[in-house]
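Below you'll find only one chain, the form predicted alone, shown as structure tokens.
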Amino acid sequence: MPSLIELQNLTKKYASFTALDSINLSIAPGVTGLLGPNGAGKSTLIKVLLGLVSTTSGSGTILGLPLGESTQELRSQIGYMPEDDCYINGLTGIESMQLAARLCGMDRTEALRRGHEILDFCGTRQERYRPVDTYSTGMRQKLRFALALVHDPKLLILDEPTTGLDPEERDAMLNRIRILSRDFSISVLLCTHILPDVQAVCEHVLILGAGTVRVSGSMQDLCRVQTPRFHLRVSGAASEFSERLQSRGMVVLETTADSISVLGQPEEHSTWIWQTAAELGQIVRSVTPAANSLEKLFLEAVQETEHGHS
């Protein structure tokens, strides 16, 4: 599968400050979460991808087009939802949509039709006929999302898309992202501070820190622990269960009141687990393979950045 974004030794400096430092990166099609603490370089990376700022050195491609050389063509294929408001006072929601579509080259009738189509997808009802400056935070958020979609882009860059949304609307927004990726093959770069959003919809994760790539890979691979282990929950005293497992040669890493952490894969030890449960008259409540959490990966990346600049 060809890469969505390829960057080689990409550097961006503002005077003496290095915002992006020799970034080498390959992002596959799909939904990718872009994470990082404040000042990590996320905003600069987005501006570089959109062609809003030039790079100091390095090269790359987006959607197969050279970075910095095909800006107009790239913008016709990229939808961008900024974090901040970007509406024109006095225009209604549908007028804003029609204007955005006209700027993308559609005629008046097609622009109006497309505007209504996207607002329907985004769950905007009669509010579309109200001036945008009367909208709530959540409604303006939905409009920004709709504006980014009006020209049917191949890549959608979303900056904090669920900020200001109530739980129901947040779930609806995440579901729209899933639908766009699954049913319409639109790739998404999701920049957010909300880790559960990334876990809910993203297939790939990119974590920046101090202008460098700290973590990059598929969600599945990153959340897989390097040393296989599993957690065992039992109905009775875990200490006795643990001792019996160790007497059978199993390596127990940790024991709490009702759970045991064991080295290895559960399939390798299933016979001893069930035999021990039968001998002790206990119930095995769950057997769960261990996994890294996205929060753990993020915190480790942030701490690594802090230590590198202390």
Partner chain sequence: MAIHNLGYRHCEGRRQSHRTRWLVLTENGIRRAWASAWLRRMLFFAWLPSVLMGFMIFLYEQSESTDDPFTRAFIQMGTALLEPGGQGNMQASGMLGYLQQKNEHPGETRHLFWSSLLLTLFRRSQPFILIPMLGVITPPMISQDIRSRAFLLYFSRPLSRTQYVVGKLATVIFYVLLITLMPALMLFCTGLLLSPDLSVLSSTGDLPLRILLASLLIAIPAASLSLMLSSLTTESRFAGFAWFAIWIFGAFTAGILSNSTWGDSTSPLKYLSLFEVFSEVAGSILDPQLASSRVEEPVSILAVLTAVSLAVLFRRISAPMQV
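Not measured: the values here are computed from a predicted model. Residue numbers count along the first chain shown, from 1.
Just so it is clear, the following notes concern the form predicted in complex with its partner chain, a form of the same protein that is not shown.
Remark: of stretches 67-75, 215-223, 165-173, 197-205, the one touching its partner chain in the predicted complex is 67-75 (heavy atom within 4.5 Å). Remark: residue 113 counts among the residues lining its partner chain in the predicted complex, judged by a heavy atom distance of 4.5 Å or less. For the chain shown alone, residue 209 is not a contact residue for its partner chain in the predicted complex, no non-hydrogen atom being within 4.5 angstroms. Of the heavy atoms in residue 135, none are within 4.5 Å of its partner chain in the predicted complex.
Heavy atoms of residue 228 never reach within 4.5 Å of its partner chain in the predicted complex, leaving it off the interface.
Remark: all three candidate residues (14, 102 and 121) come within 4.5 Å of its partner chain in the predicted complex, counting heavy atoms only. Between its partner chain and the residues 139, 155, 148, 191, the one pair within 4.5 Å by heavy atoms in the predicted complex involves 148. Residues 180, 184, 186 are the members of 170-194 with a non-hydrogen atom no more than 4.5 angstroms from its partner chain in the predicted complex.
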